[in-house]
Each structure stands twice: as C-alpha cells, then as structure tokens.
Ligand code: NAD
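As a starting point, one isolated chain is supplied in structure tokens, in the form predicted on its own.
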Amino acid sequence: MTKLRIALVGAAGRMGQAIADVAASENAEIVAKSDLGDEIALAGAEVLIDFSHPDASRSICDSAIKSKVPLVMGTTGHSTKQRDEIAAAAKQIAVVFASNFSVGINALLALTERAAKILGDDFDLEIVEVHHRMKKDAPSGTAKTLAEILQRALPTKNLRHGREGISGEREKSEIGIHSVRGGDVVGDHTVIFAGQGERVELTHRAGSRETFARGALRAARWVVGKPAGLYDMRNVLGL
C-alpha cells in the first residue's frame, strides 16, 4: 500500500492534531498544513482533509477544485448556504462530507433509521448529545444527522430544541434535541424511543478523538480516484 499524501486544514485544532498523530500508523503523510485553508499549498497532495471552521468552507472547496484534489470535510456547523456550496463543489470533485467519521457512530445512524421504521409513530423521539465545554456549535453535527434520519423515516415529525418553563404537554409530532456541554467529553449521542411501558435507547460514546481521526483517514484513502459526487461515511463503509 502506497503512502497517502494529505493536505490538512485545521491542523492546529483538536481533530487536526489527532489526524497528525495517527497518520504515520495509517501509512499516510501530512505534506501540507493550514489553520483555515486560506493559503494551503496542495501541490503533491492526493487528498485534502478539512477540520477547521465552516466560514472557510468556500475557500477550501475552491482550492480543492482548482487543484483537482478530492476533499474530506469533517467540519460541522455549516449554514444552509455553505452546505449548498459544498454540494456544488461535489459536482466537480469527489467530496466526503460527514458529521462524524466514527465507524460506531455510522452503525448508530443505520440502527436509528431501522428502529424508526420499526417503532414508527407509537414512540416519542428524543436526541441527547454531550460534548466538551470548548465545542462551539450546538446541536452537534451528528445530532443534526440523527434528526434528519428520523425526519426522513417519519416526515410528520418536527424538531424542538430543548424545553423551558411551562411548555405544556409533549406534542406527538416532536423530535426533541438537547445539547449538554462540559468538561472534556469527546462526544456522546443517545437516541431515545419512549413508548407506553417501554423505552429503547441507542447510545454511542466516544472515548478518544483517535477514533474519528482513523475514520477520516479511511475516508481520505477511499475517496482518492472516485468520480465527482457528494459522499458520506456510509458510502465509505459500504452501509
């Protein structure tokens, strides 16, 4: 297996550092680094990995398109416009865009979809996510992805972010989303299906960013040579 040559945006961040730490053990080499992608040199890189800031996504996509380099994007918190720009870039290059690169999380996504179809409208749906105190966006990208899966399976459901005061009885059409921030929690996600006399909970807990880093490197190796298109980790894992 040849050594994968990577350009890394967001190199100074937690995920960037984790990717750099495990790159050698995954037979990969970081050939270029940048914090926000404004001046990253892609010459010699086979793939560009981004874990920086959503406001940098446009310039990162432009750089990847200009150099005809596939892109792996793990940054979360994009606006609708920014997500549309990423989708537009995917018409010219291959883009793996995922809110979470953990293999276990992607199993959770698949199980959530299956459970929603089985349990249907008879169960109330709640999503709870917990992250470290430094995380800037809420809810997490993974929580949003879980909510999107539930809404696709049950299109009558609407999102409700938290509750406060005398909020009244829970509406049957709600999908509750709750964000908890504290300490150094890497990332916990739970989907709750609450019915009459029974409850199903699907939970994933991440203990190390190394899990995400190895998943991102797996996606980076997979996307090299792929035709233009917008992919996610389920494509990478064949789910």
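In case it trips you up, residue 1 is the first one in the sequence shown, and so on. Note that the structure is predicted; figures quoted are calculated from it, not measured.
Same protein, other form: the form predicted together with nicotinamide-adenine-dinucleotide (NAD), not shown, and the subject of what follows.
- Residues placing heavy atoms within 4.5 Å of nicotinamide-adenine-dinucleotide (NAD) in the model of the complex fall in a single listed stretch, namely 46-54, out of 171-179, 192-200, 46-54, 61-69.
- By the criterion of a heavy atom within 4.5 Å, G229 is excluded from the residues contacting nicotinamide-adenine-dinucleotide (NAD) in the model of the complex.
- Although the partner is absent from this view, T112 stays clear of nicotinamide-adenine-dinucleotide (NAD) in the model of the complex, with no non-hydrogen atom inside 4.5 angstroms.
- Interface membership of A98, defined by any non-hydrogen atom within 4.5 Å of nicotinamide-adenine-dinucleotide (NAD) in the model of the complex, is confirmed.
- Within 4.5 Å of any heavy atom of nicotinamide-adenine-dinucleotide (NAD) in the model of the complex lies no heavy atom of T145.
- Residues are counted as partner-facing when one of their heavy atoms sits within 4.5 Å of nicotinamide-adenine-dinucleotide (NAD) in the model of the complex; in 68-91 these are G74, T75, T76, in sequence order.
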